[in-house]
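First comes one chain, alone, set out as structure tokens in the form predicted on its own.
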Amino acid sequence: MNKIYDIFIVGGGINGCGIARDAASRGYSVSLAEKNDLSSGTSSASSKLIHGGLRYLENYEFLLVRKALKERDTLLNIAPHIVKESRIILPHHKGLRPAWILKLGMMLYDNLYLSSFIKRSKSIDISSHESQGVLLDSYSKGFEYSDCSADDSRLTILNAVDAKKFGAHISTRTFVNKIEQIDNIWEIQTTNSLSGESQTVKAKVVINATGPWVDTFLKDSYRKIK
């Protein structure tokens, strides 16, 4: 194959497919290889939660939380058919941190990025709230706030579909056997496990998006680089 892609991505989870979509939409030529099916690993076994990182406020990571909240709204805007608002109950009793700290956290969460789509947080009286029947009597008050949930596998596949629409080449059941860099160009040898067909793909950049297997892939790949 004579074509030299701008980017070659290893891994068809949400990170790999998301990168492919973003890069292809910006005009880069992209090829992606997934050894199994799309979203066959962690991206089909997540918590399904699209959150802004409420707990990171404790570490004063305000910019990180703001960015995550902005991304949450972006997902709600572009994929409202699979990303939905979820109201979450945070119960409180005297043995926990002071209620005013939690209330302050909720206020920050609401205001670090003003959402166009979801409701703001509020204090609740658990004794008269619908959650009362599933909580211990020691919980008399709490807070209710919003994050979002999504069908993680479908979200991954939709990213791949969009990437393909923008011109990306998406290959499933395709193993990366060997990668090496020759004259600043990566040559990636792949094999399709269904057809047995092997080919060499050339790219300027290789992105390792193999998730939990990232270190294993790096270790195996670096052994083969000239």
Ligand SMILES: Cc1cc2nc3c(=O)[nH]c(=O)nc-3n(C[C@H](O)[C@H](O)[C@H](O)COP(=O)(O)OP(=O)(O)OC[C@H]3O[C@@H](n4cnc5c(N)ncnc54)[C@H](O)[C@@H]3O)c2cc1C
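Nothing here was measured: the structure is a model prediction, and the numbers come from that model. The numbering used is simple: start at 1 and walk along the sequence shown.
One more form of this protein exists, namely the form predicted in complex with the ligand; it is left out here, but the text below deals with it.
- With the partner omitted from this view, the residue of 181, 200, 40, 192 that lies near the ligand in the predicted bound form is 40 [heavy atom within 4.5 Å].
- Proximity to the ligand in the predicted bound form, defined as a heavy atom within 4.5 Å, singles out one entry of 30, 69, 160, 176, which is 176.
- Although the partner is absent here, residue 47 lies within 4.5 Å of the ligand in the predicted bound form, judged by heavy atoms.
- With a 4.5 Å cutoff on heavy atoms, residue 207 does not count as touching the ligand in the predicted bound form; it lies far away.
- When the ligand is considered in the predicted bound form, residue 169 lies well away from it, no heavy atom lying within 4.5 Å.
- Interface membership of residue 164, defined by any non-hydrogen atom within 4.5 Å of the ligand in the predicted bound form, is ruled out.
- Across the options 61-69, 48-56, 192-200, 22-30, residues that bring heavy atoms within 4.5 Å of the ligand in the predicted bound form belong to 48-56.
- If you take 58-74 and check each residue for a heavy atom within 4.5 Å of the ligand in the predicted bound form, you get nothing at all.
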